[in-house]
Ligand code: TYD
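Just the one chain here, the form predicted on its own, laid out as structure tokens.
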Amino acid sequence: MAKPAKNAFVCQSCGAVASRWAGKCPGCGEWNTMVEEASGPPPPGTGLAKASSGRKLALETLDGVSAEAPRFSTGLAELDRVTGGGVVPGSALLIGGEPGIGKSTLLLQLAAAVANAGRRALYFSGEEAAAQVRLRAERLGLTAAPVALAAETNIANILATLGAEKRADLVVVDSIQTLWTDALDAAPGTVSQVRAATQSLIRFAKSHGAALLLVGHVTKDGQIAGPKLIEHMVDTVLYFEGDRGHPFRILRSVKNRFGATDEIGVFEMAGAGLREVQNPSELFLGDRDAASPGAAVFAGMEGTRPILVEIQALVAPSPLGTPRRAVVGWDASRLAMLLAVLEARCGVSFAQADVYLNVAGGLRIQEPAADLAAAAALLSSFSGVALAPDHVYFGEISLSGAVRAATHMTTRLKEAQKLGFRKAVLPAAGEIDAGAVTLATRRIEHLKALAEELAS
């Protein structure tokens, strides 16, 4: 007689499994995330229904010539840039983002562009009815696109539809947290349901050569909800970011088995949907107030793309015993380190002042080369002296106050030169191609040189 299935308690945050309930997850430390889930037969399409004895595999060597993975264009140049030149048939992509940021709009525009190019695109909506998707398509002017649409959450029905239809080039599922299978006694969105649905869809995509695009919800911390295993299973993980107070949206790649990571695509949310931004530097610098102290232009790199963005700082006397530190678009720990270096190595104290730092345009900067631009903005606001409007800054600052070299220095300078800047303040170390750059450069070895210049 078969033993009855034994229930387990699964953490909905990290996927840890325990035999009994606990208020705090032993894996990730989150509270009230342990949910009871019943064990059951493997879900359909996973290929785990019965075990085989196995067969011997033919082993190969590392040498030899392998053809580059075939790709097809999505019709959106910015998305092609982020994915490494296009979507690979049979690959699985996962895109996450805050609610209302524009994920469904982007996916509908993508499906329409692929369908208009003569390829087969299927769109499965688990959160909206088909009528709602049609209304969005009408607002975006995409009703003429031959996109096959269905509103379904049962994974078995989706797999049956995909198997009965002619070969699809692109399959969009919005979203993976809404799918469920009756083979598992768990609610949609739980770890076991999300894992089973993802595994079934990826198995179908790999075997039939269809590109699979999944939408994932995010937690309050901005991470894709569900077990981390989902991000390991897919080939590409994309994050759709942006500030609702700004029209700009950033599509960022954090994992890509077929291309580089840390690439970004820039879009602008307009009335007719998302519009691609070919030159984001001009938009991020469009509303500059060059005469105001506390503003410095940073020549940054996002993947292979150079981007110029304004870093704004405000230093004001504080009535509080503990002055306030507020950061938008940059790492707060990095600001604390920079303030400590300015005080210890340059003699500039912010102990009695509130400090606010903002990256204009809603962009989030992650590279350490922004240290010098942030320091210039802070010193400018502290002294009340406006920086020259035609100067750009970049360079990493160490704890000793030394300015260290940055990567892709020539590329940064060429972008600044193209936008009309005349001078760059950059690290003393690092090679640049003098023949490709005509703007003046000032190299500094230590942050104290910049502090003394603004103080005088």
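For every residue, the number given is its place in the sequence shown, counted from 1. Just so you know, these numbers come straight off a predicted model, no measurement behind them.
One more form of this protein exists, namely the form predicted together with the ligand; it is left out here, but the text below deals with it.
Proximity of residue 273 to the ligand in the predicted bound form: non-hydrogen atoms within 4.5 Å are present. Using a 4.5 Å cutoff between non-hydrogen atoms, residue 105 counts as a contact of the ligand in the predicted bound form. In the predicted bound form, the ligand stays beyond 4.5 Å of every heavy atom belonging to residue 202. For the chain shown alone, residue 99 is a contact residue for the ligand in the predicted bound form, at least one non-hydrogen atom being within 4.5 angstroms.
Contact with the ligand, judged by heavy atoms within 4.5 Å in the predicted bound form, is confined among 278 to 286, 337 to 345, 353 to 361, 263 to 271 to 263 to 271. When you look in the predicted bound form, the only residue of 246, 139, 257, 120 with a non-hydrogen atom within 4.5 Å of the ligand is 139. Residues of 360 to 389 placing a heavy atom within 4.5 Å of the ligand in the predicted bound form: none.
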